[in-house]
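In structure tokens, one chain follows: the form predicted on its own.
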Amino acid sequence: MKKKLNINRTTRYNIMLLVLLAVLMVFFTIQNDRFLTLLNLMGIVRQTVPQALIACGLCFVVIAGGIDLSTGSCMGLSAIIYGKLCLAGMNAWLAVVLCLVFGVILAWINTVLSENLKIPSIMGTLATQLIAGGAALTIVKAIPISDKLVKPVTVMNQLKFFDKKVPLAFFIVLAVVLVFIFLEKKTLIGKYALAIGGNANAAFFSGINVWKMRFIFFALCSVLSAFSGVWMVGRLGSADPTIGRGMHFEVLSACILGGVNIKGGEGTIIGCVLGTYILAVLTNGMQMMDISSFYQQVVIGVVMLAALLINQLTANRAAKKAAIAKAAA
């Protein structure tokens, strides 16, 4: 008698996302033979470094029942802080480190707002988003910093390996994703995120320091956002205060598409990464097909809705089976 393979719902959803990604890649390859080239695929990776990195950090925040809408503004203000520090004569790489420190400070503010002042994180981080975004524009009067002193970080975007075919971006994303998968699967960070997202009060009374863990989740997200802001300075060659505009929506969309429950208590890093690249492949493929940006938004919305409906239907089925099993016991 064959033993039935037992795969949990989250794994099944991730497999579905992987299949969807593969189908999209095959479809766009048929439409344009330049799609499935190393040059184009590495271009997708370089273009989506901020989305992939921030999605990893935001994943823990949302799984724990929170949300962070300040990621885009954190990118913009970090870019301006970096630019101003470089103009003041500071070493560029030391300036990068201080930008990461700014990310930690922003995370502390977001944690205080949500945990100490009991402001829902969606409202608290919306406020910090507006403040940070406005500060970035105000400091430079909305004029990007294009001085040569900010140029050293452009090496991150220009550096390539293996006969100049594989960019540094690929290794950065790979390293961050692997680290976060390790944090999710092998450390208390992943376990506590699920526990807090499932029931924060129960987690607190079981001995989990909810404030400390939420600060860690926000810090991971904000530090990666700050680094992404500097990364974009390296791509553009200038510190632009509008660098992260709309990023919070893109990253949150990737996480939701990746199976993260917006109410908390469910989600995986792998799912968020797959969600990020499904959206990236969709956008890149449709651009290569010369499809209007208006239609692109419609298609992406339909794909997201279909994935969410499938996820919800499987969740309802699992809940029904659990209820039947409980009633029969």
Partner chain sequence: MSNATANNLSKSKLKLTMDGVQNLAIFAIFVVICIVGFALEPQLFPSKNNIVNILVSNSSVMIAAPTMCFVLLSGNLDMSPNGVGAMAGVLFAIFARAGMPVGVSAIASIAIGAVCGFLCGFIISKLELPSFIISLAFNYITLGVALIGAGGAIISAGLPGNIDDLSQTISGVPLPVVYAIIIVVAFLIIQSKTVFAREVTAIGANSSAAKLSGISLVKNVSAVFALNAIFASFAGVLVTSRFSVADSGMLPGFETDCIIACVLGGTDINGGRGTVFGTLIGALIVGVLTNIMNMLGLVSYTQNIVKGLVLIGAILLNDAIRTKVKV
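Residue numbers count along the first chain shown, from 1. This is a predicted model, so every value here is computed, not measured.
Form predicted together with the partner chain: not shown, discussed below.
Proximity to the partner chain in the predicted bound form (heavy atom, within 4.5 Å), stretch among 230-238, 118-126, 183-191, 79-87: Only one stretch passes the 4.5 Å heavy-atom test: 118-126.
If you check in the predicted bound form, is I30 within 4.5 Å of the partner chain, heavy atoms only? No - in the predicted bound form, heavy atoms of I30 and the partner chain never come within 4.5 Å of each other.
Although the partner chain is absent from this view, report whether M304 comes within 4.5 Å of it in the predicted bound form, heavy atoms only. Result yes; M304 sits at the interface with the partner chain in the predicted bound form.
Wondering, does L41 line up within 4.5 Å of the partner chain in the predicted bound form on heavy atoms? Looking in the predicted bound form, residue contacts with the partner chain do not include L41, since no heavy atom lies within 4.5 Å.
Counting only non-hydrogen atoms and a 4.5 angstroms cut-off, does M156 reach the partner chain in the predicted bound form? Although the partner chain is absent here, M156 would stay clear of it in the predicted bound form, with no heavy atoms inside 4.5 Å.
Of these, C56, L69, A64, L274, which has a heavy atom no more than 4.5 Å from the partner chain in the predicted bound form? Exactly one listed residue reaches within 4.5 Å, namely L69.
Counting any non-hydrogen atom inside 4.5 Å, which residue from V179, I131, V104, L149 sits next to the partner chain in the predicted bound form? Going through each option in turn, the one that passes is I131.
For the spot marked by K141, E250 and Q297, is every residue within 4.5 Å of the partner chain in the predicted bound form through some heavy atom? All of them do, each having a heavy atom within 4.5 Å of the partner.
Across 258-278, which residues bring a heavy atom to within 4.5 Å of the partner chain in the predicted bound form? The stretch touches the partner through I262, K263.
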